[in-house]
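Next up is one chain by itself, shown in structure tokens, the form predicted alone.
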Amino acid sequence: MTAFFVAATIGAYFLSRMLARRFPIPLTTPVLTSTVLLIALLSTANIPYRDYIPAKEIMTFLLGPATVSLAVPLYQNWNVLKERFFPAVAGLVVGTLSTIASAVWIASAFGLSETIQASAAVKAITTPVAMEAAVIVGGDPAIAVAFVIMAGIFGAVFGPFVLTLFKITDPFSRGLSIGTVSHGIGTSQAVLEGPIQGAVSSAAMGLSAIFTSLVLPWLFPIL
């Protein structure tokens, strides 16, 4: 069954890519549509999620090499990154701080508990870092993961659309924006746009995780 689930996941992704090429709109982003297809498959066949876990573990393990491979476009576009280093750092800092603050304030405005506020504060960084950072500020790792996944899918689906809507066409700016707020899932979409977008997004994803880990312990109590 594990081999079947791996094949089904790959098949769902390729079908999603075909759909995205045929109907290039935000709601056909492969990350979203492949997720919906898999959920539909498991639900229709009445397959419990625990049966899918072994396949998920294999593919999750492969995320490591996939993340390392992002260093290739990063190296190939290193000169571009050096030329715009200081504006990129400024944008990264502002984007990260505003993401943390907005998550906490919105959760607070809806009267949600401090645990949920702390869990939401880490929604823009990659899952392993988010789980540890959430614990430090009193959040729940499981809830934090849910927020991270939602932020990633939302960024991948609507990020490029919103940037285009506001006439932000510069590849560097697009990659920086997506990587800062929607980590690896958003970066997977940025890679599809082009090598510069993918390289900058992968760099922003890593740096925003580091920066969040450093500032969150003292920033969250203030917020």
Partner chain sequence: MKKEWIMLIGQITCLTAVYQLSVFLVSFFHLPVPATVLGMAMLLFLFSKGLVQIRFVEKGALFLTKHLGFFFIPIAVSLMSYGKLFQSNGLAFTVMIAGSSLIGLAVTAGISDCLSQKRRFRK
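Please read these numbers as outputs of a predicted model, since none were measured by experiment. Positions refer to the first chain, counted from 1.
Heads up, the form predicted together with its partner chain isn't pictured, but that's what we're talking about next.
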Practice task
Would you please decide whether residue 198 lies within 4.5 angstroms of its partner chain in the predicted complex, comparing each non-hydrogen atom pair?
Solution key: no
Handout entry: in the predicted complex, residue 190 touching its partner chain (heavy atom, 4.5 Å)
Key = no
Exercise for the section: Indicate whether residue 47 is a 4.5 Å heavy atom neighbour of its partner chain in the predicted complex. Expected result: yes
Practice task
Answer with yes or no whether residue 87 is in contact with its partner chain in the predicted complex, where contact means some heavy atom within 4.5 Å.
Solution key: yes
Completion exercise
When its partner chain is considered in the predicted complex, the residues of 140-165 having a heavy atom within 4.5 Å of it are 140, 142, 143, 145, 146, 147, 149, 150, 151, 154, 159, 162, 163
Exercise for the section: Based on a C-alpha change of 3 angstroms or more, tell me if residue 33 and residue 159 lie closer or farther in the predicted complex than in the shown form. Expected result: farther
Problem - Cα distance between residue 158 and residue 12, which in the predicted complex differs by 3 Å or more from this form, closer or farther - result: farther
